[in-house]
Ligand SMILES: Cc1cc2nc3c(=O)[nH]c(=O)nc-3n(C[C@H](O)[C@H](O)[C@H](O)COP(=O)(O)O)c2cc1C
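What follows is a single chain, given as structure tokens, in the form predicted on its own.
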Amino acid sequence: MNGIFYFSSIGNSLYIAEQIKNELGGEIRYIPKFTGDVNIYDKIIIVSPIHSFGLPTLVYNFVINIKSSKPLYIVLNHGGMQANALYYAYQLCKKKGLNIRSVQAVIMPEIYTLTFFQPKFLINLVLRKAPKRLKLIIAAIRDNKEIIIPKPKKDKWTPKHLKNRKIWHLLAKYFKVTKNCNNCQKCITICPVDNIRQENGSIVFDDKCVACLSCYHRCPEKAIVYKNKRKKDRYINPFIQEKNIGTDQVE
């Protein structure tokens, strides 16, 4: 059986995980909540967004703690540049002695829209093209195709990723909650690192943020703003059920 491990804040990675499950079968497991043994699966498939040219903190921690010789496949998704994220993930697995077979990437709608606007026509275009791109990725996993990621001639992106990762935990200090907040506490529930709490009737952000932007995009009232920018555009993948983000799908 395939173990499909994903990290998703707005549904892109969950959508990919569901497509893989539909084609290859298996169980979908949410990385932040997984405490079992990956060795119960025949293949280990990790689905993750690219965060600032590399792996999200929680996915990185998951990878470095894998103890298995089972075939490992990584599928990354990104809206902007993938930079050298594929090589970064590939080399991380190699250094850990993991049986990494491939690291592949697919373009999905951008989620890091704190400071810019993403046109809806572009979102729709990317979503229309995604299934065709995913078929090739899934076929490579089905066929156990080994894809070696060559070392880039010059890697200016990995140092930037490592630098940015050191300050991700500070991102939430720029979040504020407007008067639109109705105290539903959804942001508290969905945060994968328990970085949000209620204090004296107000929503408070601590310093453990992993920059996933779940709270920002999924607040029902769009009450969470970044640096007081009252941007209204938010994004949740339209082809998944939002309630399934952060849950497992097992038989």
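Residue indices: 1-based, along the sequence shown. All values derive from a computational prediction rather than experimental measurement.
Below: the form predicted in complex with the ligand, not depicted.
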Partner contact check in the predicted bound form: of 95 to 103, 80 to 88, 132 to 140, 146 to 154, the stretch with a heavy atom within 4.5 Å of the ligand is 80 to 88
Going by a heavy atom distance of 4.5 Å, is residue 211 a contact of the ligand in the predicted bound form?
yes
Classify residue 174 as contacting or not contacting the ligand in the predicted bound form by the rule of any non-hydrogen atom within 4.5 angstroms, answering yes or no.
no
Since only the chain is shown here, I'm wondering whether residue 5 would be in contact with the ligand in the predicted bound form (any heavy atom pair within 4.5 Å).
no
So in the predicted bound form, does any heavy atom of residue 60 sit within 4.5 Å of the ligand?
no
Suppose contact means any heavy atom within 4.5 Å; which members of 94 to 118 contact the ligand in the predicted bound form?
108, 109, 110, 111, 112
